[in-house]
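There is one chain below, alone, in structure tokens, taken in the form predicted alone.
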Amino acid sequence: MAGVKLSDIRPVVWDQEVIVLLDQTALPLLESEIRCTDIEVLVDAIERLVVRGAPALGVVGAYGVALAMIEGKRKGWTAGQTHEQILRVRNARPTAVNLAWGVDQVVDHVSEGIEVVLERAHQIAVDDEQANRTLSQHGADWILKKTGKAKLRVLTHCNTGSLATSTWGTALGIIRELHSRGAIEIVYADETRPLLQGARLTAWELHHDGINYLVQADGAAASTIMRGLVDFAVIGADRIAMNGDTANKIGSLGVALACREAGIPFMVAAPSSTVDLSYANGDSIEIELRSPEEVTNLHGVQIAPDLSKGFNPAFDVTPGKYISAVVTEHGVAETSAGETVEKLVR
């Protein structure tokens, strides 16, 4: 991987009947791959966050249908058994709408054969990259106009770059676009407890792309914002309701509240596939609860007293009224000003 820009990294690749995943649980210390030859391995990889990030999960969902078809043919499954395995992929992470969306984009074409399903899955990956680059331009244009500043200090939460998408990135894609215009002074990357996607993954990408950054504890984010050290914050999304309510990595809501109090823009960036117009608001978005041990342990080392119980919601929901702008490849909606996100889906 030496000499390769992180913006060119593809965390999900189809390779001759195998889904190859860059193992994000091993980064940044080890760059290794997981080869998913069957649905059992793929679902385990999704649940363990070997692959994560809403757009990347959309690509995985589509390829997962093809993998189920191949495994079914190899093992002599009935059509019903194959469909059951496809549903296992679809439901592996309930909050991330893109995973189900990716499955739904291709599953109706199963009867047309593996070539058709794969063609459509490949197209989802291509479309995602283009959407990411386009939304990055929209987001950069909007924030430069909104702030009126030539150099920006930005805070981001979790990982939203090449590792979270087919390539390039959403929120981190906007940061990359601003960096390419010479408009980034510094990035504050929240560590993102409990699995440290910011410290492990976002920092890895920023370092490789030569973007000036600092890693900070999640608990420092509000203070950094309120001290006037940040010009805007930008995050990704795992599901966006019609009114702009947004589910994203736990800790996003606190960043939004601090930005509102400080009077600086708080932006959400995602492809239009993340917008779920079947939800009028975020009240019904299912919040994934992950293993308590992710909180009470760190890299396999117990950090809480024996018998401690952990509470580990993977996501929170930020109300649209606290979001200055939702950005997709179709443009910008200023939800805090009362705009809905319908226009961002075509």
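Because the structure is predicted, anything quoted here is derived from the model rather than measured. From 1 onward, residues are counted along the sequence shown.
If you look for the form predicted together with a small molecule, you will not find it shown, but the lines that follow are about it.
Trainee: Against the small molecule in the predicted bound form, would A221 count as a contact residue? Criterion: heavy atoms within 4.5 Å.
Mentor: So A221 does not count as contacting the small molecule.
Trainee: Would A237 count as touching the small molecule in the predicted bound form under a 4.5 Å heavy atom rule?
Mentor: The answer is yes: A237 has a heavy atom within 4.5 Å of the small molecule.
Trainee: Residue-level question: is V41 within 4.5 Å of the small molecule in the predicted bound form, judged on heavy atoms?
Mentor: Judged by the heavy-atom cut-off of 4.5 Å, V41 is well away from the small molecule in the predicted bound form.
Trainee: Is there a non-hydrogen atom of L49 within 4.5 angstroms of a non-hydrogen atom of the small molecule in the predicted bound form?
Mentor: It does: once the small molecule is placed as it appears in the predicted bound form, L49 has a heavy atom within 4.5 Å of it.
Trainee: To test your reading of this chain, name the stretch in 138-146, 67-75, 151-159, 100-108 whose heavy atoms come within 4.5 Å of the small molecule in the predicted bound form.
Mentor: That would be stretch 151-159.
Trainee: Just to be sure I understand the contacts: of A189, V275, A164, I174, which is the one whose heavy atoms reach within 4.5 angstroms of the small molecule in the predicted bound form?
Mentor: It is A164.
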